[in-house]
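We've got the same protein chain twice here, in two forms, each standing alone as structure tokens: structure 1 and structure 2.
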Structure 1
């Protein structure tokens, strides 16, 4: 046994027990007969057939669609903020970073319920408008835009910080050289800063997408379950339906779909190439 392998054993064992084993357990369970609670049943594809024959695709599409919209919106929202954090805000950067970080110490559900109080009819926003102008506007709560608002709000830090790191990777000397060689501000941005900060943007997008595809609280709390993402279907299978094998099969399919999409993106944008390793 090489010293390197010996040294890696604790981590290998930890990963096998903490990462691989649960995944294997969920995958194995997805082949157990419906509504059973044992690993010892006769393996079957019944759960996967049930999913294919059902309308679960609606939930898959909602989850993937909402995650994609969140990523696109966050890319446009977070980039200027990240740029400001690295290049513009100077000594205020720490304060701005704290403003984005501190909410992470509060439970996501509590933050979302805060939005409910803000958006609800006669709540902070509409109640104030009503008392000031006498206008009773319709609330946007329990609608699709409210869900997207919640997802953009919750996942902003996950896009922002990798992006900030990405932008800070762009050497000042390179930017200066581009300016000295006559590049306009737009050219510096498009041909120097954007490509060189791409690893941060890409990692931010991937991280946000993977997390957002597993979102459930936003659709429940702000969306009033007007939309059922796939994570909610999985939750129902594991709770009210007590159909753990079906829930496991849905989870496995979700992992496969997300894994395939991430691999597809990574093939298109090779991180090693972006990071200049080859």
Structure 2
């Protein structure tokens, strides 16, 4: 056994026990008969047949659609913010960016209920508008825009931090060289800054998408369950329905769909070029 392998053995064991083993267990459990609570029993495709014959595809589409919209909105919101932080604060930009992670120390549900007080009828926003202008506006609460607002708010730090890191890795000498060669400000951004910061953008988009697909609190708290994401179906299967194999099958399908989409996106990019390896 080589010294390198011995040194990596604790990490390998940790990854096998904490990552691979749960995935294997969930996958195996998805083939168990419905409403069983052990691994004993003959493997069956009953759970997957039930999913195909149900309307679970609607929940899949809602989860994927909301995640995609969240990623697009955050890409347009976070990039200018990250760009401004890096150009204004320079080497201190990472420290300033870390300030955006402070809300993560507060429970997500508490923060979302703060938005409920803000958006509810006669709440902070609409109450203020009514007091100042005498206009009674309709509440945004329990609507699709409210869900998207909550997801954009919750996942902003996960997009902002990788983007700030990617932009900060663009050498100032490269910008100056492009300007010296006669490039306009737009050409410098398009040909130099954007391509060189693409690793941070790509990592932020993928990280945000994977997290947003698994979002459930936003739809519950801000959406009033007007929209049912796939994670809600998984929760119901594991709790109220007491059908763990069905919940495991839904979770496996979600992992497969998300994994396939991520690999499809990665195949469209040359990672060696993005990461500066060639």
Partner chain sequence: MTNVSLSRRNFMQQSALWAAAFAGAGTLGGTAAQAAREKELNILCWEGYNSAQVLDPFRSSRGATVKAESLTNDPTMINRLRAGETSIWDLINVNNPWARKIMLPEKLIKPLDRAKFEPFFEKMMPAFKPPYQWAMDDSGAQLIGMAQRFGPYSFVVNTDKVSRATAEDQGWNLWNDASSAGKYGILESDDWNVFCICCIAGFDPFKQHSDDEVAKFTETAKRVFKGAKLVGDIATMNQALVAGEIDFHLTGGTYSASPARADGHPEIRGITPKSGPLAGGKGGIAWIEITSVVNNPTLSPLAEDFLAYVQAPDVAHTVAFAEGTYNPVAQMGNPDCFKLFTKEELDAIQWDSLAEEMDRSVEYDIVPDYDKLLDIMTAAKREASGG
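Here the rigid core means the biggest group of C-alpha atoms that line up within 1.5 Å when the two forms are laid on top of each other. Residue numbers count along the first chain shown, from 1. Bear in mind that the values here come from a model prediction, so they are computed numbers and not experimental data.
Here the chain coming from the form predicted on its own is structure 2, while structure 1 comes from the other form. With the core held fixed between structure 1 and structure 2, residue 187 has its Cα displaced by under 2 Å.
Relative to the superposed core, residue 124 undergoes a Cα shift smaller than 2 Å between structure 1 and structure 2.
Taking the rigid core as fixed, one finds a CA shift for residue 96 of 2 Å or more between structure 1 and structure 2.
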